[in-house]
Structure formats: structure tokens, C-alpha cells
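One chain is shown next in C-alpha cells, namely the form predicted alone.
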């Protein structure tokens, strides 16, 4: 509260929030479930989320409460469960890793209001075979503000894959603040994938922070298939030598959707690498924004960094704001960045028409081909295939949500 009173909420005068009006997002009179009322909703009856061909452990967050039906995992080397429960069992570990996001007012707002969250801790040397899937469901019969929290602790040599899904089970407007904090110790490897498949009434303000230590590896991807306003602030810090990070993003938007991704990758150690690829496909009167900054400090010699942002405006009324940035204080680095904004290739459409492909089908094929580069970076083959199917379905059905989880194997 003291930080918020001194700093205030972000405005468009703040460089990192210049493309999103946070005050307008927070203006509606949202309800808060401060009394922790039990929501009469069983997510497992509707959202039987499984990725075909991939073993997974599914955990549900309903509104901003960890679902009571979740099975707590705590076998000594793996913990997946409520943050409240984790605080009771491992208070010292929680204090060491929780609430380390500095200087971000939206993260402070979440910290002020959050009452529970989900903790995933993978102990030293543990390699988790199953995909850990988190299903976040927006619910409520009135406009609601949900405050979700995730803490991910990867100890030395640990390995895990996490799929974070956002879905909606309400027709009411709602807003979720979401803070994801992750720490990757020496030699650990984390694959973290986030998928938004909600409705135009669902808005998201996300803050994600990962800190990487020596020889750790992070594969991060966010896929926005359908949503209302979506704003993601992503901070990744490479604090140990030979750390590697690959950050990917795919945005599909139409109508009047507003999708804003703001990324900061900080190289604080030598011999580290970062590889960034974001792609947007914008239709209708949608607005996309991407700002990606790679900061290479003086001690981060031998840095290898690549940043690419490519954007496709399918409609003449779609708008894209792009701002790739490099700030380098070391003199022995290999860093590149680039950005493009374009439209569908008329020549390619012409050649496809000569081969009997209709203009409508040709446009769909070109958009799918444009998106494939991002999906190919997902190492888990069953998940990659499922996401490819979801993207194809999204292009064919437009912005209308299917009403159920499109990742359901049935």
C-alpha cells in the first residue's frame, strides 16, 4: 500500500505502459471475493483439459482461489499446491522467493489484494515427467476482479514443463491481475507456456518475472488466441554464466481487441544467450503493441542475443506499435534486433488462386504459415501439435470462443 500511495498506478507517461491505459482497465466497479465465498462450480465437470499424447497433472484456479478439489502434491522433491499451505509447511522458503518483483505498481496491487496462489517447487535434481497444467477460470455472476499468483522454484538441476491456461466460465466482464515469479537455480531447465483462450469480456494484467542462475535454461512462450484487453509485462534476468533463455509470443486478434506485450531481458553475466521471437496477426480494428528491450550490462561479455518482431495486419484498420530495443554496455557481444509490419502477400494469393485455392482459403493458409514459426519453437511435440490445431481452428472460427476448453481431448 505504501508503494502504491507513493508511486501510483502506471499511466501512459510511463515508458513501459505507453500503449495501454491502465486506469481505463481498472475503472469499472469490480467485485472482490474478500470473504472467500465458496463458488458453486466444479471445473472438472466442464474443463477436462488434457493434451492428447502427453501425460499431465491438472490443477485448477477458480477466480483467484485454488480449487478445493485439487490434489496436493508434496512428496519431498515436488510441491504443487496452495501458497497458503506452502507458507505453513515451508515458511522460510516462501520468504526467500516470494514478492521479489520491484518497481511495478500492478505487481504491488496484486500483492496487496492476493489471498492465495499456486506454488510449484521442484527440488534439486528432480526431473518432472508429467506436464504440470494450471487452468485459470474466470467466474462470477457480477463483474469481478481476480488476483492470481504463481511462485515457481526450480532448484539445482531440476527440470519441469508448465502449461498455464486462461479460460472463462462467465458472460460477465472480469479482470484478472496475475503475477508469476520464477527462480531457476544452477543447471535447471523450465519450459513455461501460457495460453489465453477467453472472451472479449475478459481482461488480463500480467506481470511475469524469471531470474536465471548459472547454466539454467528457460523456454517461455505466450499464445493469445482470444481475449479482451491483454497486457503482459515480462522481466527476465540472466544472473549466471551460460544461462540461456528463449522467449516466444504469438498473438491473434480481431474486432477491437487490444494486446500489449512488454519485454525486458537483462544480461548481467558473461556467456549468456537470449532468443526472442514475437508475431502478431491483427484483423478488424484490433490494436497490437510490442516493446522488447535487451539490456547488456558491462560485465556481460560474450553475450549472444537475437530479437525479432514480425507483424501481419490483415485488415486496413488494424494497428501495430512495435519498439525493439538494444542497450549495450559491453564491447564483445553479438546482438541483433529487427521488426517488420506488413500485409498478406498478393503475389502468393495469386499463385494459390491459379492452383484452385479460393481467396478465403489462401488467406487462412498464409496466416497459419506466418504463425508456425512461433509454434515450432515449442519442444513438447504433443503440445505443439495441439496448439497448431487450436490456431487453425481459431483462424477458421474467428474470435468466437467455443464455450469450452479447446484443448479437451474429447
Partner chain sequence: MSREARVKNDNTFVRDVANRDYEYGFTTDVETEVIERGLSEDVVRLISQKKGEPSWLLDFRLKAFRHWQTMEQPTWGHVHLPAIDYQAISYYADPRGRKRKSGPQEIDPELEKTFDKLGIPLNERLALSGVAVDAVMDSVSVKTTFKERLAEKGIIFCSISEAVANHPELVREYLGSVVNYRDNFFAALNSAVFSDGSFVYIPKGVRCPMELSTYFRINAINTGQFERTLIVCDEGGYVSYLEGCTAPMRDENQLHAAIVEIVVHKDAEVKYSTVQNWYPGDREGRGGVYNLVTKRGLLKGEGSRLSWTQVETGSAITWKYPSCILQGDGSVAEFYSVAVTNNHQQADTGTKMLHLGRNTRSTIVSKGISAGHSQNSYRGLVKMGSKAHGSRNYSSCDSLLLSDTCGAHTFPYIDVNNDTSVVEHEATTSKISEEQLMYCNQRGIPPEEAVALIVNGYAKDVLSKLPMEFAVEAQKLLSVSLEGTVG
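A quick note: this is a predicted structure, and the numbers were derived from the prediction, not measured. Positions refer to the first chain, counted from 1.
Below: the form predicted together with its partner chain, not depicted.
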TODO: Please determine, with the chain shown alone, which of 177 to 185, 75 to 83, 314 to 322, 95 to 103 has non-hydrogen atoms within 4.5 Å of its partner chain in the predicted bound form.
DONE: 314 to 322
- [ ] Report whether the minimum heavy atom distance between residue 31 and its partner chain in the predicted bound form is within 4.5 Å.
- [x] no
- [ ] Although its partner chain is absent from this view, report whether residue 15 comes within 4.5 Å of it in the predicted bound form, heavy atoms only.
- [x] yes
- [ ] Examine residue 19 and determine whether its closest non-hydrogen atom to its partner chain in the predicted bound form is within 4.5 angstroms.
- [x] yes
- [ ] Would you please decide whether residue 339 lies within 4.5 angstroms of its partner chain in the predicted bound form, comparing each non-hydrogen atom pair?
- [x] yes
Task: Site check 375, 381 and 388: each within 4.5 Å of its partner chain in the predicted bound form by heavy atom - done: no
Task: Contact residue in the predicted bound form, chosen from 246, 264, 328, 139 - any heavy atom within 4.5 Å of its partner chain - done: 328
TODO: Could you spot which one of 333, 113, 277, 123 gets a heavy atom to within 4.5 Å of its partner chain in the predicted bound form?
DONE: 333
